[in-house]
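Just one chain is shown here, as structure tokens, and it is the form predicted alone.
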């Protein structure tokens, strides 16, 4: 009997942090993974590391806000593997700002990457996923349903992603395509450390309890992409040790936003 084909996944924002953790977990679970990111140099380095560890992965430069780049990515995927089973919409940014201090450029950029990029990915990949009866995994946040001061455009974008997850689950129920959201709490990533340091917490994550790791997000993605999760759709899986029901908004330091210059440099998650 021939061995079953390895499932194929696309992971966006995969050069580092959460996206890299997801790509690594899927590769270790015998998925073939297309790793997408705008940071070509870091993406290629991360892909080489996973390949050295035996991962069947390929680096694909990808700006999720650009439909043409989605078309190029899928053309490359077609030429290499000819199918798609899982789309992981992970690419995102987490700028600071209130409703008043967020300017139009920052709003547009956050919504373009965090929300429009996920829609463009789903739109481009759905014809493939309907054929394979695959799955879309959106990487959201506890803040999608538990807002926090100082994260205006981020919270709104992730709340939109929560709604999109449920809408896609409903629209494609009878096509056999599932859509779920993974919602981590605070995650210790290189960019989160830089962001926290710039806003007064150079010691982050010291003193923060129950941090989520990229590896834990990756493990959740492996499960939700597996046949064991075949009947799970429209669900938000919180990976935050209960933060969404027992919120401690003081667990991470935020300076008085009135004293902060906005907009500031943007950081990818």
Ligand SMILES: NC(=O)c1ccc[n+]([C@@H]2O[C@H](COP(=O)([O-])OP(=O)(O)OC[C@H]3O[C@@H](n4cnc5c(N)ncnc54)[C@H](O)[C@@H]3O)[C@@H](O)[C@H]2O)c1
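Treat the numbers as computed from the prediction; the structure is a model and nothing was measured. Residue numbers count along the first chain shown, from 1.
Below: the form predicted in complex with the ligand, not depicted.
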Discussion item. Under a 4.5 Å heavy atom criterion, is residue 121 part of the interface with the ligand in the predicted bound form?
Written reply: no
Item to complete: May I ask you to state whether residue 38 is within 4.5 Å of the ligand in the predicted bound form, using heavy atom distances?
Response: yes
Discussion item. Test of understanding: in the predicted bound form, would residue 186 fall inside 4.5 Å of the ligand by heavy atoms?
Written reply: yes
Worksheet entry | Contact of residue 65 with the ligand in the predicted bound form (heavy atom, 4.5 Å) | yes
Worksheet item: Exactly one stretch in 168-176, 79-87, 151-159, 129-137 has heavy atoms within 4.5 Å of the ligand in the predicted bound form; which is it?
Response: 151-159
Worksheet item: Which residues in 99-121 have a heavy atom within 4.5 Å of the ligand in the predicted bound form?
Response: 113
